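Only one chain comes next, encoded as structure tokens, the form predicted alone.
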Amino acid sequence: MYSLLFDIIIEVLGILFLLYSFFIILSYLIITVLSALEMRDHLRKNKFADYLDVVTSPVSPSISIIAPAYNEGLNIVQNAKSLMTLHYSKFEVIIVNDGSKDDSVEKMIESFDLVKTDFAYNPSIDTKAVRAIYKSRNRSFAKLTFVDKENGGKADALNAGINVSTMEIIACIDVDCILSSDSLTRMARPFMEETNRKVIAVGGVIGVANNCEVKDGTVTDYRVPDTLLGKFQVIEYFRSFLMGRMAWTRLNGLMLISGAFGFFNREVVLKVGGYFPQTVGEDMELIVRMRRYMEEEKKPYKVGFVPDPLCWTEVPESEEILSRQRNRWMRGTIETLQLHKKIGYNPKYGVLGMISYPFWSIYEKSAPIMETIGVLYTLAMIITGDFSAIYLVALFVLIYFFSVLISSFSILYEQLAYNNYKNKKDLRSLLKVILIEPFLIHPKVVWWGLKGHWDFLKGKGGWGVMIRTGFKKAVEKQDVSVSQN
């Protein structure tokens, strides 16, 4: 009796894992094809594009750049200056100091000749108390607004910036990111192209700046990081941005825009109540809530994506810090999916409910759990002698080469479209990482995802400490800035 029941359970599990593996492979093959088609169309459309027309056009949307900062005194002045030199006609820069404990406020006041103003602050979104709003007496810095508020976290700081903003589009970025000079122009264009649908948000590609040469706030020489974890993240970002998000854009099913570089329709953001400070995945949650609002209002809309390399950021090269980041990403994903479980598998929400939500729920959120159970199942079959050695080897080879194939395509996309990494030595090092990633890095990513699940169940919140070394030449990385926000 028990033996029969055990055999049935094993048989059912085997079928489930086989189906799960089949649909994963099928899904990523479809993503590869869709992303290739979307990239082809994007390159064709932009081959003869004149972005000067966007800068000079009277109908170009105005943009409020909002950059929250916590203990960024080391680089905040330089980064603020860099933001004010971007090429665009109608924009403002809002730096929000989220209760920093360092000398960020003093440095900003001294560097930009800031004074407190009687700004007509309209708190459309509830936030922690705003202590003061500063403007410069120097007309050269007329675009700059500096907000000093009590600490409330990144989402709360962004909401304060949204309250202060006056433009049509809000661009939410990390203050330590490096933006290309034409980033606003390229990101504004999708908002102008659609005539039958409202573009509610546009995301962009995030590049890895570690080990790159940065001069005057611009990446001048592209190099891959020296560390294994750094190189892995270069490949991972290629897969995520140039393949994953391009494919979802073609389906209009994008559920995530990176919090480091995202543009949003201010009107819609205010209607849904801004960022939700109670989640660590505020970037994903806002997009899902905006999409849900548009679906429920039955308004045609689009979430766009610009695959051009416009924003560069420093990624963690320490295993300890990277594990915290991935733990937070997993908790943010689970929180968002639970907050909006109403849309899941619900045809009322179209692509969002029937394709995007199930994919994130089954293949993103549940992947660490399913992979772990799959490994344990395989080990149990080997121990009991119910597993064919030939089948095991064939399965392993199939999964391994499929992983290598997808990662290789992501590098190919970058080289064909942008060719930023011109040094063949860098490309060879990335290809080597692709070959060893399934053995040395992927098991750790699965483990970090499992810990994210466990910490979510325990009710753990917060971001944890993220340590940055700053944008320097590889031989000059000495300064360390700490961000706890």
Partner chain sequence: MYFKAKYCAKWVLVKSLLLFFMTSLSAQEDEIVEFNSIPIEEVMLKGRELPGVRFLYTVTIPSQSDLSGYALSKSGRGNIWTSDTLNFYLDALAIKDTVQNTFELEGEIQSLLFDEKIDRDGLQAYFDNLVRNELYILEAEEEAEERIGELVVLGNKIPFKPYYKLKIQVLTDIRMIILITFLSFFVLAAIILVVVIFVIKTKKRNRDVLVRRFKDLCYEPLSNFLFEHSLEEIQQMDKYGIVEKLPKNLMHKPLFKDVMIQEIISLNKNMKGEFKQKLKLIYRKLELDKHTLQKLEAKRWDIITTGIVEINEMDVVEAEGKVMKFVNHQNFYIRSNAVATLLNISNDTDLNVLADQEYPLSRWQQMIYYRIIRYTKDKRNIGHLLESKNQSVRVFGIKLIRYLGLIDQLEKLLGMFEIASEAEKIEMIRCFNLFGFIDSLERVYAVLKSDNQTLVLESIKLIENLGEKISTTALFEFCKLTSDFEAKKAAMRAIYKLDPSIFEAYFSESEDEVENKINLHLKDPVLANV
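On a predicted model such as this, the values are computed, not experimentally measured, just so you know. Numbering follows the first chain given and starts at 1.
We do not show the form predicted together with the partner chain, though everything after this point is about it.
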> Even though the partner chain is not shown here, does residue 226 get within 4.5 Å of it in the predicted bound form, heavy atoms only?
Replying inline: no
>> Given that the partner chain is not shown alongside this chain, does residue 436 nevertheless sit within 4.5 Å of it in the predicted bound form, heavy atom to heavy atom?
In response: no
> Is residue 301 a contact residue for the partner chain in the predicted bound form, using a 4.5 Å heavy atom cut-off?
Replying inline: no
> Quick one: is residue 115 in contact with the partner chain in the predicted bound form, heavy atoms, 4.5 Å cut-off?
Replying inline: yes
>> Please identify, from 449-457, 24-32, 65-73, 436-444, the stretch that has a heavy atom within 4.5 Å of the partner chain in the predicted bound form.
In response: 24-32
> Can you name the residues of 345-384 that have a heavy atom within 4.5 Å of the partner chain in the predicted bound form?
Replying inline: 345, 346, 348, 377
